[in-house]
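Take a look at this one chain, the form predicted on its own, written out in structure tokens.
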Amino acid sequence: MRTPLFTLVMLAVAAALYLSFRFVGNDYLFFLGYVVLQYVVIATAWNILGGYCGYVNFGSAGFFAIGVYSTIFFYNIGQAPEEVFPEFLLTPMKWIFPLPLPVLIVLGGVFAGLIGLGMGYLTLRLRGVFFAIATLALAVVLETFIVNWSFVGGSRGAYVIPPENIPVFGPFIQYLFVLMLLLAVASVVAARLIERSRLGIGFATIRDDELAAETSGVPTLRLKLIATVLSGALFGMAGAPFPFYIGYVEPNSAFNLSYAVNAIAMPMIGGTTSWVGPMIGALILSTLQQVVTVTISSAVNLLITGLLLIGFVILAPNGLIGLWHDWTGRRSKS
């Protein structure tokens, strides 16, 4: 299926999902759907660097938090521009601020992508466990910086008050759901396009044998920098609407361990070598976590994630997609 047709199919599925939720008329579905779609974007973002290139990123929560706090930064400017700009700039700035949420999502992606570029330039000469530790250290540095930055709330946190209703959409959560739905579609389409392009082939050569790729003339550092920028940008865009979803953000919620763990577990469960693997893993695991949160407790979520991750690493290291390929391969031989 060609990319334009695939995009139209995905948009049609997204429209059908939104209309079905509207037909049911229960806003809880939009709250649940937002979280599930958010993890589809997060899992896809991690897989661009961790799955396609084979560079495991433990600093996922840091990139997510960049998107979160970029939104808080611009939101606070919109609430009190006189504290930021000189008097002669107040009038034009009041025309610009407050920024609409789609613009904040783009800005979150830009800032997180730039941080990804800087991180990649500093750390991508490392490999294996050394690179993973470096990404984790970056997340710790970013959290320390945010905790001590009073303008975005610091350690005390920050409040973001969303409007109650949006024209056309109605309740604000439905507007948030639609934005995250479109972002999930865009991330999946982008991942599929990358996988089937020359860029994806270059990523695969790095994952399979980076030394051989370098000796063959593949610009490995440039490709890895592209991967970190794309991955970081998607993480930032996933995090940008989060303050409007939750209403109150403090560093522990933005840099939550669950984002880093789920970002790794979901592609591993679904399969890391294909665009569809992270999507399947995110849909299954995040839906299960939401059901457990409602029926038992949110404290069980990481336990479930850990058990599933251990099980798939031992029994199905290539994820559900790998199991499917193995099963279809055995059927064709028989």
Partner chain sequence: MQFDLLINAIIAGLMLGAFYAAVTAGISISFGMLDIVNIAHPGFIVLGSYIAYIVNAQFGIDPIVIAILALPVFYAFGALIYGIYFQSFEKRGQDSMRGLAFFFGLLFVTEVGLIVAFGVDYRSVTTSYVGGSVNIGPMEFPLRMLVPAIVSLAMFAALQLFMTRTFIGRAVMAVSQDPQALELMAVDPTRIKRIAFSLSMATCAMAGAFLIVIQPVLPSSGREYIGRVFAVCVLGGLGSLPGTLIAALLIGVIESIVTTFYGPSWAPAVSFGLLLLTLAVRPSGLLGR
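Positions refer to the first chain, counted from 1. Note that the structure is a prediction, hence the values are computed from the model and not measured.
Although it is not shown, the form predicted together with its partner chain is what the next lines describe.
When contacts are judged by a 4.5 Å heavy atom cut-off, Val129 counts as touching its partner chain in the predicted complex. Its partner chain is not drawn, but in the predicted complex it has a heavy atom within 4.5 Å of Leu303.
Using a 4.5 angstroms threshold between heavy atoms, Ile226 stays clear of its partner chain in the predicted complex. Contact annotation: Phe85 falls outside 4.5 Å of its partner chain in the predicted complex, judged by heavy atom distances.
Of the residues given (Val178, Ala213, Ala134, Ala190), Ala134 alone sits with a heavy atom within 4.5 Å of its partner chain in the predicted complex. The listed set Ala233, Ile105, Ile264, Ala254 contains one residue whose heavy atoms approach its partner chain in the predicted complex to within 4.5 Å, identified as Ile264. With its partner chain omitted here, the record of contacts in the predicted complex names 255-263 of 93-101, 255-263, 180-188, 196-204, defined by a heavy atom within 4.5 Å. Contact here is defined as any heavy atom lying within 4.5 Å of its partner chain in the predicted complex, and by that definition each of Ala299, Ile314 and Asn318 is a contact residue. Contacts between 54-69 and its partner chain, taken as any heavy atom within 4.5 Å in the predicted complex, involve Gly54, Val56, Phe58.
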